[in-house]
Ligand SMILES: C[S@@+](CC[C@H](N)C(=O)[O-])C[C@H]1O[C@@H](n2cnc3c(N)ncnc32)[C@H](O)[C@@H]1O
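Read the single chain below, which is given as structure tokens and is the form predicted on its own.
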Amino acid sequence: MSFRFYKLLTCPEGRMKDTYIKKFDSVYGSEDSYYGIELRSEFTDYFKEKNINGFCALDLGCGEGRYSLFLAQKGCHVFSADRSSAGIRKLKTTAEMHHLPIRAEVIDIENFVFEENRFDIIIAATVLDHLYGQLRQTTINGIKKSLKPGGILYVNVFTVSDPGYKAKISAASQSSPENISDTAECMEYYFEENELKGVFGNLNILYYYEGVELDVSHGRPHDHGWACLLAEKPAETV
């Protein structure tokens, strides 16, 4: 498999802030998986019985790589990209230990080339909500371009129902509410109701969910407002 990279954007506003990168390097530096190893049920329910052996997948903003590991264990060749060197280092170690077909690279999303019809599966789990406006739209367009016809996209993002959003737009952001995630400071954008469904509306939506859930996987217990989408790229897109 070959993957090419070059700089797409040079605007500094598009890049992930250094403070955010340091935060993720810090939380990924622990021996255990900081966000746990459990995947969302809509993802595992869809893929657990699928034969994806030999498929090509992209895990964009992979973090420590739990989605990458799941797909690779089913024989999928995975390219995993993230800005955190600590997360990539951990994923590489695990992949090498278990001889899994994962190529993991430290790279800014702004530097990623979305080759047309390249991937059978694309994962973008809590990624789009970390990106500024123009880079977010460029990434959305790139995902659509790079997914093969018949390919499957899985995306999840935080929504305006998330306590982090409410804190961000009010003075409460200074008081660190107890029901807010400890990495909420790294969020750049919270999706409006049905917005995620709208931006991928030219794909065939297989599953869509929005809701507020308790998260006990990291830090103190807190709530998250979620939007989750599974979609298939049709043979011909609008």
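Numbers follow the displayed sequence, beginning with 1. Keep in mind the model is a prediction, meaning the values are calculated, not measured.
There is another form of the same protein, the form predicted in complex with the named molecule; it is not shown, and what comes next is about it.
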(request) Name the residue from 138, 161, 94, 126 that puts a heavy atom within 4.5 Å of the named molecule in the model of the complex. (result) 126
(request) Select from the listed residues 147, 104, 86, 131 the one whose heavy atoms reach within 4.5 Å of the named molecule in the model of the complex. (result) 131
(request) Please run the contact check for residue 62 against the named molecule in the model of the complex: heavy atoms, 4.5 angstroms, yes or no? (result) yes
(message) With a cut-off of 4.5 Å between heavy atoms, is residue 120 one of the residues that contacts the named molecule in the model of the complex?
(response) no
(message) Just checking whether residue 28 would be counted as a contact of the named molecule in the model of the complex - the rule being heavy atoms within 4.5 angstroms.
(response) yes
(request) Answer yes if any heavy atom of residue 109 is within 4.5 Å of a heavy atom of the named molecule in the model of the complex; otherwise answer no. (result) yes
(message) Just to confirm the contact call: exactly one of 64 to 72, 206 to 214, 193 to 201, 44 to 52 touches the named molecule in the model of the complex at a 4.5 Å heavy atom cutoff, so which is it?
(response) 64 to 72
